[in-house]
Each structure stands twice: as C-alpha cells, then as structure tokens.
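Shown next are two forms of a single protein chain, provided one at a time as structure tokens under the names structure 1 and structure 2.
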Structure 1
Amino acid sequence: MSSYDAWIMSLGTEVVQGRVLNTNASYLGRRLTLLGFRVVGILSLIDDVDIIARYITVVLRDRPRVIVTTGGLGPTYDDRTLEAVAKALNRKLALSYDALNMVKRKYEARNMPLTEERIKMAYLPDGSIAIPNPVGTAPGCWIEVENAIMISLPGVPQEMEAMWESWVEPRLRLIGPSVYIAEILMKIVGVPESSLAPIVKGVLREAPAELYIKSHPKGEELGKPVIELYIMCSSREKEKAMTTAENTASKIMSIIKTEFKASVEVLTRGVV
C-alpha cells in the first residue's frame, strides 16, 4: 500500500438507492488525484450506523492516509455519520465548543433558537477539529488517527465544495506529495478498442509507473468506432509530467496513423 492512498465514503440511502447521482465522489476523486493522492476506492453506504462503522474499520485496516466522508452531518434523524466514525475509532461523541459556536452564530443570524436537533450538529468525535461551513449550518470534522486523517463533510455539494476549497485542501496540500498532473485527451475515429488495446499495452510496457492511459469507447460516427483516449502523467517536476504525456501521445498517434486509416484529434491538454 502506498502511503498516499485515499478513500472516499459517500453516505446516504439516497445514494445507494440511485435517487441521487454521486457528484460529490467524482469531485473529491478528482481533487485528491490532483493533490497526488492515489484514490483507491469510493464507498457509498446506507444510513446504518453499524454498517458504516464496520466498513470504516475495514478501510482503515488498509492504512490509507486520508478518508473523506460526505453526508450525514445534518440535523435529521438519519444523519448519523459522526456516530459511526466515533464508533469505528472507539471514541465518544462530545460537544465541541468550536462547533457549537459555529452553529449558534448561524441560527442567531437568522433569529432562530438553538433546538435539540441543531445542537446535535455540534457533537463531534472526541479529539476532532471542527471545520467551518461557510454555506450551510452543519460543521465538518477533521480527526487524526495514527497515520490516517478522517475528514467528514456535509452531503450538500455547495457546502462540501466550499469547505473543501477554503479549509481542507490547503491543509492536505501540506500533507500530500506535491505533484504536477499532465493530461491529454485524444479522440480517435476508425480504430476498434480491441485493436487499440495491444498498442496501448506496448506503449505502457516501456512507460514509467506515473503514466496512466485509458480508452473510453464513445459509440460510432458514420459507422466508424469512436474512442476517447485519456493520457495522464503525474510527476514532482512540471516539465517532466508534460513531456512524458506528450511523448506518449505522439507515439500512439504515429502508430495509429501508420497502421490504420484513422483520424486522431487532441481534444484537451494541460498541466495542473
């Protein structure tokens, strides 16, 4: 296991029942990858404290560096993520005065009283840091356990993204590997995926481990197969990331043009 492994847990019955498209997971998968983490898995679970706690324990056994949960921090009866996190980490839920202040200020600003349901949002696992929520009311939660960092964020995308960008990501940048990611997306028309497969395999055989290639069949155009080929390279050196990706793209393009009467077009390229 790499020491920069990451897991995402998207909690909520509405996700597993397919009533909500899991855009939070793809957002986080993208951001964590760009920070240089290797995202190993995304796990969505129903709102069941025991099941969630058990799977947190299973995932922690793989010793990831980061686990990010989304969902289940709100005031409703089925918002029980932190209860599950506390159970998995063998800690108690305790009233966090930082979190309580955050919640209190939100409702005071709207002239609304602090009810039992609202105070519930300020109970965090013992030893955690409250993450301010600039958009909604439920605070997030950052807990360090041995080598892992457990981060819990709300499920509402605007709240989750605002907390990630303003608070979580700046801290993870200090912890994760600092890398550049070069990406090239090409569109190939006229080569079936099964003919492209041995070409990609050959190129990868001689490529560094930081290179990643994936073909996505996109149907047909005028009876010819269309494939989008995605090339990604990560490196601590900006130039190296881009050069490796560029060289790989040229190599594949020249093989395709020689062996097939196919058209190749670069859709996007860039380094971040």
Structure 2
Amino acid sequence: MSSYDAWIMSLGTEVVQGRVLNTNASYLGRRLTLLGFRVVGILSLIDDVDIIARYITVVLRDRPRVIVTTGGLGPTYDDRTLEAVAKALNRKLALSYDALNMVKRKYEARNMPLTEERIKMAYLPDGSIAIPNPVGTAPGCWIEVENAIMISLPGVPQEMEAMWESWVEPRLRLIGPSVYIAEILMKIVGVPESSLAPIVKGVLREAPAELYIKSHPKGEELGKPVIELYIMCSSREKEKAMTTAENTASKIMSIIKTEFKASVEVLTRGVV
C-alpha cells in the first residue's frame, strides 16, 4: 500500500439508511486528493461501537497514513464514535481538559449550563489532541497511532468543513506528499449563486480530480448578489498547478462576462 493512503469513514445510522445525503465523503475525498493523498475507500457504518471498532481495526492493518471519520461526536446517546476509536486502539476514553474548555466556552457564551450530556463531548481517547469547532459545540479529535493519523470530525457538514479548512488541512499539508497548491480568489458581483452553480458544475465535470471550486455568497441571492469564488488546484509541478487554476479562472470569467455582463475581480492568487 502507498505510504500516503487515506480512508474515509462516514458514521451514522441515518447516513447508512439513506435519510441523510453523504456530502461529507465527497468533500473529504476531493480535499484529500488535492493534498496528494490516495483515497483508497469510503465506508458508511451505523452507530454501533463494536462494528465501527472492528472496521477501524481492519483498515489499520493496511497501514494507511490517514483515516478520517465523520459523525457521532455529539451529546446524544448514539454519538459514540470516539468510544469506538478508543476500543479499536485499545486506549481509554478520558476527559480532555482542552476539549472541556472548548465545550465550556461555547455554552457559557449562551448562558447555558454544562450538563452531563454536554461534558460527554469532551471525552477523547488517551493521547488525543482536541480539534476546535468554530461553528458548533463538539470538538474533533486528532490521534496518532504508529504511522497513522486518525481524525474524527462532526457529521454536520458546515462544522466538519470549517474544522477541516481552519485546523486539519494546514497540518496535513505539512505531513502529506510534496505538492504545490495554487489558489485564486475571485469576486463576482451581480450573479446569483443559483445561476453560478451550473457553470461551476460544468467546469468541474471536465476538470482533473486535483481541481476544487467553492462559492461563498457574500450578498443577497435575489437582491445584490456578491460571491467570492475560491479555486484551488494541486500538483507536484508548481507551474502545472498555477496554469490549471488560471485557465479555470479565465474560463469562468469568460462565461460570466458573456452570459451575465457581470463584474468579476481577482482578489488574490498564488502558490504555496
């Protein structure tokens, strides 16, 4: 197996039963690929400690570099992902004071008490690092076992994505394969996000897996639409990463100016 293999585990009975669309897996698959990791597989499992622990053990046998789990970090009785991680790694689940402080600050800001259910979210496997959650209340978990890194994040997409982009991804960039990341941020004025979406979808359909595009609405959809469009491309070749990102930006700008006569401005561009 590759030394940069990665696995994604989408945990939650509601996901397995099809009651919730698994957008987390597609997001993480793309982001890990952009970072140069080889995503070997995606597992969806119900909220069962024994089943989750069993499959974590199976995946670890192949010595992946990264395993990312989503779901099961909340305060309810069936949020038991970290219990399963602890069982798979043969570690104790213990109160993390860093995680507890994160949870405590969230509820104090809302003048709400720390109940047993809320404190439950601060229990992590021994040796873990608590991952801050800038959107929700449940901290994430980063734990290293031999050469593998296990990352557990909430299942709510907005929380998971915020934690990934602000905390997890910068650290994975340091330990992942050597790739260049080209980034372009554009400001689009006068085009609703719902009108921009099919354009982005069409561009991505023909794009390499190493290209990522994300729109961030800053104005009103039906009033004064303003969108910041983020374009990211990775490659082992610096010039290729930037060229692909630049060509993508030019293509989108051309379509927008032709179809909507809208204002498009490049705010930032660069390679890291």
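Between two forms, the rigid core is defined as the largest C-alpha subset superposing within 1.5 Å. Sequence positions of structure 1, starting at 1, serve as the residue numbers. The shown structure was predicted, so the numbers you read here are calculated from the model rather than taken from an experiment.
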Where is the form predicted alone shown, in structure 1 or in structure 2?
-> 2
May I ask you to confirm whether P132 and T70 belong to one rigid part between structures 1 and 2?
-> yes
Angle of rigid-body motion between structures 1 and 2, smaller part versus larger, in degrees = 61
Can you read me the CA shift for S178 between structures 1 and 2, rigid core superposed, in Å?
-> 2.3
After fitting the core, how far does the CA of A241 move between structures 1 and 2, in Å?
-> 6.9
